[in-house]
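This document starts with one chain, in the form predicted alone, laid out as structure tokens.
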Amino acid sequence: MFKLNKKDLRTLIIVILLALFAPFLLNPFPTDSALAQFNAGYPDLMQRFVIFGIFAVGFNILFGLTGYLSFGHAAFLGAGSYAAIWMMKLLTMNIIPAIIISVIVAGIFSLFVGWISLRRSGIYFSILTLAFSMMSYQLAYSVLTPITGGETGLQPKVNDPRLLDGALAEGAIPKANLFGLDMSQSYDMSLGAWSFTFNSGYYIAAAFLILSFYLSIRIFRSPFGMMLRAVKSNQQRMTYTGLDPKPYTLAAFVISGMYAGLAGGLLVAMDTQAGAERMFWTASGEVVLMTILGGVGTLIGPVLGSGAIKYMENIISKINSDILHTWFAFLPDGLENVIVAIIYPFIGKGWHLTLGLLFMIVVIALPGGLVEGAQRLSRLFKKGKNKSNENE
């Protein structure tokens, strides 16, 4: 089915189910519960889960298959965002043209960057990509200010031309849409103590994630993907056989950059603004962490890694000492204060410390990332089940 084997089809179905039922799965606790702080099923965060999942899936095509570690992919994310916002300002607020142009612009930019950077490998390649990213960031803040908006960034305005849209009334706010469907439109549903929000923008972004994930599976299992693995395994031996690895690595770099451009376009579609901060080196480092945390070279790993990091960034970072005192109020005052003092450095502004510890544990104990952890648990469960069957 879909030209996938059973294992890949099962993985695709898991991603589809996770995307469809995210509003339920990410709100496991009742709204009146003390643990409701851990619920993440609200539109803005769910959109970030799937958009950065696309970003990480694309990065994994380059890093996971070829072994080339790029520290400059944020440049393509930012280029896609700027291209999308200009399409909304000049042509239409419909997100389809914006997303198409964001992918094209990011592809052209990544072709230029890749053609230069891939002349070197290893750490030199990584430094070259980082240099391009930081140059793009600085240009967006200085020389290219008329195009990028500098520090203030860009967003659609009422008096923008928008050749395909009708004129807006004075004071109206331009809104991104999909053939008239408002991207910010939400529907609330309650089931007892639980509440769920269904957002049209989220499901549109989720559809792009599913499509992107399917394409990545096809790339991984194709002869092209096999050639990329050969590059990672032994590029020198591949050259001796008469095959030139450069066209394959450049193609992987461009495809990966186009994924980043798609993510940048979707960020604008969900929140109609673009700024240079998306090109900063930390954004490139973040997608590296997502891929390693989830599992380099695995299919679903980057999606899991992006979800874990964005969850900590948006949920763990919002927990403060008052919330901790509420959770441990049942303890004696002295013990309560001690426990809060121990936990407090790892939450709120200290969420990066929690992320760092998690990353260390994964790198040391689970080199295959969260996917390897899930596989180990699955094997333990199967062993336990087999033993119980033997005892019976």
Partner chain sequence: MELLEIKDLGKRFGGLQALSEINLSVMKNTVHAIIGPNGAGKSTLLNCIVGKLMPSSGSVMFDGYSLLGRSAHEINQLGISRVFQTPEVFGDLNVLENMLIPCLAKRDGAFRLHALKSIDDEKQLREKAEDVLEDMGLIDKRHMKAASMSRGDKRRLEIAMCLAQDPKLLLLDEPTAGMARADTNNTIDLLKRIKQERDITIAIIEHDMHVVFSLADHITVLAQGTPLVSDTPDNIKGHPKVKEAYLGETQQV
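Positions refer to the first chain, counted from 1. Computed from a prediction, not measured in an experiment: that's the story for all the values here.
Separately, the form predicted together with the partner chain exists; it is not shown, and the next lines address it.
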Open item on the list: Looking at 243-251, 195-203, 159-167, 178-186, which stretch has residues with any non-hydrogen atom within 4.5 Å of the partner chain in the model of the complex?
Closed with: 243-251
Task: Listed residue that, although the partner chain is not shown, lies within 4.5 Å of it in the model of the complex (heavy atoms), from T145, S222, N320, Q138 - done: S222
TODO: Work out which of I210, I100, L118, M238 lies within 4.5 Å of the partner chain in the model of the complex, going by heavy atoms.
DONE: M238
- [ ] Indicate whether the partner chain has at least one heavy atom within 4.5 Å of a heavy atom of S233 in the model of the complex.
- [x] yes
Open item on the list: Does any part of I123 reach within 4.5 Å of the partner chain in the model of the complex? Heavy atoms only, please.
Closed with: no
Task: Interface membership of M227, the partner chain in the model of the complex, 4.5 Å heavy atom rule - done: yes
Task: Proximity of L215 to the partner chain in the model of the complex, heavy atoms at 4.5 Å - done: yes
Task: Residues from 120-148 in contact with the partner chain (non-hydrogen atom within 4.5 Å) in the model of the complex - done: none
